[in-house]
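Encoded as structure tokens, the following chain is the form predicted alone, with no partner shown.
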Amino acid sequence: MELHPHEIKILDVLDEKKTNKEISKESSLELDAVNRALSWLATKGLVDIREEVTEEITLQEEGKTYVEEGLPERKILELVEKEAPIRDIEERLGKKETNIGLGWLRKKNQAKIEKTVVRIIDRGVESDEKLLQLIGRRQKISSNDLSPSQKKALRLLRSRRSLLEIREKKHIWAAPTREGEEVRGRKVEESISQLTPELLINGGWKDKKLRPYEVDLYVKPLYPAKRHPLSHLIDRIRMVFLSMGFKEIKGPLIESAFWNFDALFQPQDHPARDMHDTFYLERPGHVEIEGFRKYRDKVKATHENGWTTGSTGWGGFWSEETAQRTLLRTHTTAVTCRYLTKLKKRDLPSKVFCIGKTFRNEAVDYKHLPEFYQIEGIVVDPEVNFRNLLGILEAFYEKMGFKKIRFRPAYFPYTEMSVEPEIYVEEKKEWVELGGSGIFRPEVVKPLLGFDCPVLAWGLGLDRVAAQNLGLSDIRELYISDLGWLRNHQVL
């Protein structure tokens, strides 16, 4: 059996049961080195290790005061010979200390309270008083040094606030096994565990013995800090889009209905706007909208009669007040809508994406949450078409590692043609929809951009992508504080 020099040193001084601190002192090894070596020796069956937790007891300021002046109940016993009105005691000690003292006298069966009079039954010094005085004299004691009756008294003192300061102390004891005693005294051949630059330069490694490594030796696992897998995946997705030539944009979580719905040509009476899907804010109920005057009339005309887009619009009356309502954004498409207003013809083609939190009043299940991340993107280019959109989405999901991808025709108020990308989940034996995509309708593009131009757009649920990528069958697991899963999950 190969032994480390530290193990040999410890066995040489471990002729009987000793603490790790005693071993450190006698072997001239650092305490950390002793603890590691004891762990190795225990794994090899050469020592027995036992951990012992004790409590170190000292007095807080109030405890020190009680040692000098006496406990409240002792003060009452010294004031009252046989019996006395409670009012007289309160005049001497104060109401607070009197109430504390009377409570403990009753608990210890040393006094009876009959209406407004206190009658003394027993004046003896109880075990908790004795222990308090003992701690005061010694200043510090260990719970291991207490007798059974003193431990019972300690429980009483602990139940009183601000008296004691109790700290746990862990002691490690080690004793040699029979096999360990047989190994003690073995001569150790000098060996090294690593090659240094000096040994390589001067050739000294040739005369040294390299210490073999115990690859099966148990080592306590370390859990260094690392990013949450979801955060890591967001960065990975960000790099995928950046590598495809996209630029990242961001926007606010609290949005106006104008940018969240109206600018997207979503009618004001659309079911998705009601409280079943959207979280509206009470304060502020309405908000000033950036660029509202510039785009209000165009959006209003587009909703009511189609404006100059070639559409007939939704008809009816478009409400400015409804457009100014505040909400938690239901998609990050509001961010890309704002971006369209900043583009000029000279800026095209333009490709941008957004990754951010969105909120919807969803029923919670394995694939739905009321708060989730969304990946949003647009391509603004006079030369693109629907095939380009499918190619971009397919390339993205393939880079994310999904094998089975399909596209299903869909309807959205603000895109035409529209499609929903889906991936196949083997565990569930079903296809899971990941979001919506399509080409923005002229009713969206022309009022914001100022001219008609193909705009490829998509909004994809990141949480479902993350769950599948991380091997989870339920997206709720992404947000559960499971330290075991977080510690053991490999960050790729």
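Please read all numbers here as calculations on a predicted model, not as lab measurements. Residue positions are given as counts along the sequence shown, with the first one as 1.
The form predicted in complex with phenylalanine is left out here; the points below concern that form.
Among the candidates A457, A467, L448, L41, the residue which, in the predicted complex, approaches phenylalanine to within 4.5 Å (heavy atoms): Going through each option in turn, the one that passes is A457.
Option touching phenylalanine, based on a heavy atom within 4.5 Å in the predicted complex, out of T302, S256, T98, Q374: The option sitting close enough to the partner is Q374.
In the predicted complex, segment of 59-67, 27-35, 43-51, 431-439 with a heavy atom within 4.5 Å of phenylalanine: The contacting stretch is 431-439.
Phenylalanine contact at Y414 in the predicted complex, heavy atom, 4.5 Å: So Y414 counts as contacting phenylalanine.
Partner contact for R74 in the predicted complex: phenylalanine, 4.5 angstroms, heavy atom: Output for R74 is no: heavy atoms all beyond 4.5 Å of phenylalanine.
Phenylalanine contact in the predicted complex: H331, any heavy atom under 4.5 Å: Contact with phenylalanine, yes.
Exercise: R338 in contact with phenylalanine in the predicted complex, heavy atom 4.5 Å: No, R338 sits far enough from phenylalanine in the predicted complex that none of its heavy atoms falls within 4.5 Å.
In the predicted complex: members of 336-368 within 4.5 Å of phenylalanine, any heavy atom: The one in contact is R360.
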